[in-house]
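Given as structure tokens, the chain that follows is alone and in the form predicted on its own.
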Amino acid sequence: MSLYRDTGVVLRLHKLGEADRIVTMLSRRHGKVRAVAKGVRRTTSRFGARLEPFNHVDTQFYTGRTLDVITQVETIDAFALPIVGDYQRYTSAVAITETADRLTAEEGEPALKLYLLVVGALRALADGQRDSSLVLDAFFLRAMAFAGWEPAITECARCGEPGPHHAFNVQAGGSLCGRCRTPGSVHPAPEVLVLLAALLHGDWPVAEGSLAGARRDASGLVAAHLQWHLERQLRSLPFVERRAREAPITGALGSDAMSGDTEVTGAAQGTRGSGVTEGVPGGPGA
């Protein structure tokens, strides 16, 4: 019998049969792992409650023919308990785990940096000391850097000329100088680019001192950039509750945003909550 142990974060669950579940985890040494947890849907299960989405666990696996089997689970951090009681933190956590799942297409491939990013983001959400929107956008930016999609913020995405620059285009890869600016580019306010750089590099005093309008517009640009590279929309993102979401993103953007770049403005507007009363479809517990 081949056994191995690893620590990981529970990303999502799928029902299997009458009492089992397939657990998708992002582990420290083995990357994404899909394994069967037998009998965890029974009330008598020894470790069913530990295998909830967002929890950080130490798990023992038995290597199976198609799917591995979970034989033992110990809780390291019970992130789920403080997260699920708050809608904003919960929807942000769902978006984080969905993004991690999308970025690790191949099972068994180590993704240590992404694993550490997910654990850090969930820990920040569970602590509740930082604004959930800032935590989510910081995770998105750093996860894109991990995937090779980091947006150019302080230099031109095409020629590399140092900035800051006044144009931003998702398809071009971020900020553009005056010579490289393409039609359909948006013109974020300078404080939006400052916030993006602060989130990317972990400058939390600057990020937490930003105004609500800058946070809203930065969230729109980050979401549009991420979904452009993923080539599909995150199902959980429209349900994420954003603060100060009444004004449209174009309030702090130039005229090109009003008439051209539908990829940026349309995707950005689709990421903010709008009085949704139903649960998040495709959430990790679906």
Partner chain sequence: MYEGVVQDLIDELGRLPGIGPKSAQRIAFHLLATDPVDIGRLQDVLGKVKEGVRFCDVCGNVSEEEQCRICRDLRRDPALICVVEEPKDVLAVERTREFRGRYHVLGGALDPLSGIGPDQLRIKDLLSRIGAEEVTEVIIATDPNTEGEATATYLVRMLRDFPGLTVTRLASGLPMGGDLEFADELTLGRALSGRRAL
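Numbering follows the first chain given and starts at 1. Bear in mind the structure is a predicted one, so any value in this text is a computation, not a measurement.
Not on display, but discussed next: the form predicted in complex with the partner chain.
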{"query": "The unique member of 229, 29, 235, 34 whose heavy atoms fall within 4.5 Å of the partner chain in the predicted complex", "finding": "235"}
{"query": "The partner chain contact in the predicted complex: residue 85, any heavy atom under 4.5 Å", "finding": "yes"}
{"query": "Non-hydrogen atom contact residue 62 with the partner chain in the predicted complex at 4.5 angstroms", "finding": "no"}
{"query": "Close approach of residue 75 to the partner chain in the predicted complex, 4.5 Å, heavy atom", "finding": "yes"}
{"query": "Residue 52 within 4.5 Å of the partner chain in the predicted complex, heavy atoms", "finding": "yes"}
{"query": "Stretch in contact, per heavy atom within 4.5 angstroms of the partner chain in the predicted complex, of 147-155, 208-216, 162-170, 94-102", "finding": "94-102"}
{"query": "Partner contacts for 23-49, taking the partner chain in the predicted complex and a 4.5 Å heavy atom cut-off", "finding": "43, 46, 47, 48, 49"}
